[in-house]
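Here you get one chain, nothing else, as structure tokens; it is the form predicted alone.
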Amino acid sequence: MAFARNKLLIAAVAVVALLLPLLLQRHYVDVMVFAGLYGIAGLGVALLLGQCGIVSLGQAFFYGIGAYSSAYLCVTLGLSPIFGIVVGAALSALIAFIIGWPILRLTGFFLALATLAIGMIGGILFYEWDWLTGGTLGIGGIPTLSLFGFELNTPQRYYYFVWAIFLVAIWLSHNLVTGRAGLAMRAMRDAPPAAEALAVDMHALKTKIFVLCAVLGSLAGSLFAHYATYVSVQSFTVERSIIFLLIPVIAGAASVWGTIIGALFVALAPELLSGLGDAHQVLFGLALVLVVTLLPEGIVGLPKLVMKRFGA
């Protein structure tokens, strides 16, 4: 019976998700697109935090690399958007490996500060290298994406495209964390001496997940660039990295599928609260504090918490 209810619930959610862009106003479709983009970048942070116990505050750097790779290669050099996305992902993976190999020997707050430094340095480079990034003026005229001649030139089309990629990324990540690699990551997170005794190469595993996180961030950045058709340094600050980190923290870092809830929260909550005027930022911050304080396992842990309280 419970299995049948779950299938019915999943089917209902799928129908609602498919109909949303047809029912919502243009502005809210834009918000849902950005929720999907943030979710893709936040998924990488979730893998690091929830499975490896690593706090990353540098995801906006790789988000920016993807965006600027697509912008520069398409606008300045006139190359294919797909080529720009691939180059951005490859460049992010290479930089993540070069940076990650030494800094991932750190642990705890020192590692978090190192990733914060990456984000800050990245923001400075994006600003100073105006010959490449356009600086504060940015780069405009970025072409929209097309698939087999089908132009993704409306928010509704891009909504389906971005969320399809997001869901595929979540499914692949779920397979990763439920397999042997996921078991090794959780052992490394919860009992490093035991993982080392079982011949888990913790440093290599951390580096691989860090590279995967960077690739997801770069992919989200490239998709953002082709949707907004304009990029500037204001989109790749440390504040953006904090938003990406909030996604797994709010949803529940251990849940890969919970990334959907976290992405919707960080995208929709400020928008819904904005109607309350200048106080909306305070209210959003208060909502974050309440979620973190009252729901230690994130929003995905709410049903279990209710059942526990009800049972008690």
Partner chain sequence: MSPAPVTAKSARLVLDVQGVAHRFGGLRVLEDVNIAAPESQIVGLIGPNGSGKTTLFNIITGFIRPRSGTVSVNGRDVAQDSIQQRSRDGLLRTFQTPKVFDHMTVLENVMMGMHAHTSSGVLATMFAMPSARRELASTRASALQTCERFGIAHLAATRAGELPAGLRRVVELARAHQAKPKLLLLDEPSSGLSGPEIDTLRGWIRVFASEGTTVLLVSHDMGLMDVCDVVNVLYFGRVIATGPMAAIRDDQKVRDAYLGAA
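Since we're looking at a predicted model, the values are computed, not measured. Residue numbers count along the first chain shown, from 1.
The form predicted together with its partner chain is left out here; the points below concern that form.
Of the stretches 81-89, 68-76, 151-159, 181-189, only 181-189 has residues with a heavy atom within 4.5 Å of its partner chain in the predicted complex. Heavy atoms of residue 175 reach within 4.5 Å of its partner chain in the predicted complex, making it an interface residue. The closest heavy atom approach of residue 98 to its partner chain in the predicted complex falls outside 4.5 Å. In the predicted complex, residue 132 stays away from its partner chain, with no heavy atom inside 4.5 Å. When contacts are judged by a 4.5 Å heavy atom cut-off, residue 94 does not count as touching its partner chain in the predicted complex. Contact annotation: of the candidates 142, 145, 238, 195, the single residue with a non-hydrogen atom within 4.5 angstroms of its partner chain in the predicted complex is 195. Residues of 42-81 include none with a non-hydrogen atom no more than 4.5 angstroms from its partner chain in the predicted complex.
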